[in-house]
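Same chain, two forms, each on its own as structure tokens: structure 1, then structure 2.
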Structure 1
């Protein structure tokens, strides 16, 4: 029976960094640093700014609403990532509806670590539409 070559457990990129003499940082971080923790007080202005910029002069159009929701979620996610929340995954939900004086109730349930995960929401309304945006920041272990 011949000896088979043993597969290395390290990815190729880490092997190359070690060959070049650079140290590879450990990735088994269990909790986020206090400075990089997802805080709703820092994230809410980001969401509010996106909604005000994009929806101030918009009128409700049912054909354009789904595309607009996708654009808003992508922009909110991109701006949250640019804020420096390291190792966080973002789930963003945007709902747009026609403003007709009706009431709307929304709810969600999540299973997460309350020490490191959090959410933030913002509501925008004008004469013809309302928009609810929710962003969930979940720490990636």
Structure 2
């Protein structure tokens, strides 16, 4: 019972003693430092490569395109994961449409921590189709 007042006055010392001489340091990262941030400059070439690789010389085909769309999202997500960006959650969206002279508009807005989260987009067009790919990177605390 007499130990309790001692514990509240010097909690850090007690913790250190309990860990048998190990140093107690705060190492859990709660904000990404600059090198590990999801930077558009690093991620854009990844998306661009995927789109150019898979879509050059392709024509819009109503059966094949839905499968192609899904494959693109999975491919982009896999490459972003492979590129580092630890502690980031990803959302990748791809839209492929036929070019027939119609008007299209796509917009997005995000409610997040603008210091740690970011997005990157790319657009690919050829004569018969257009493709918009967006990848959002959200830091997980």
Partner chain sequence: SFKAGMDNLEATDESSFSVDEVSNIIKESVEDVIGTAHYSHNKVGQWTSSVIEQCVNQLTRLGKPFKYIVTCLVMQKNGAGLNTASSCYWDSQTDGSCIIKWENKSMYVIVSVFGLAV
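We call the rigid core the largest set of C-alpha positions that still match within 1.5 Å between the two forms. Numbering follows the first chain given and starts at 1. Computed from a predicted model, the values in this text were never measured in an experiment.
Between the two renderings of this chain, the form predicted on its own is found in structure 1; structure 2 comes from elsewhere. Core-superposed comparison between structures 1 and 2: CA of residue 114 displaced by less than 2 Å.
Shown in the overlay between structures 1 and 2, fitted on the rigid core, is a CA shift at residue 102 of 2 Å or greater.
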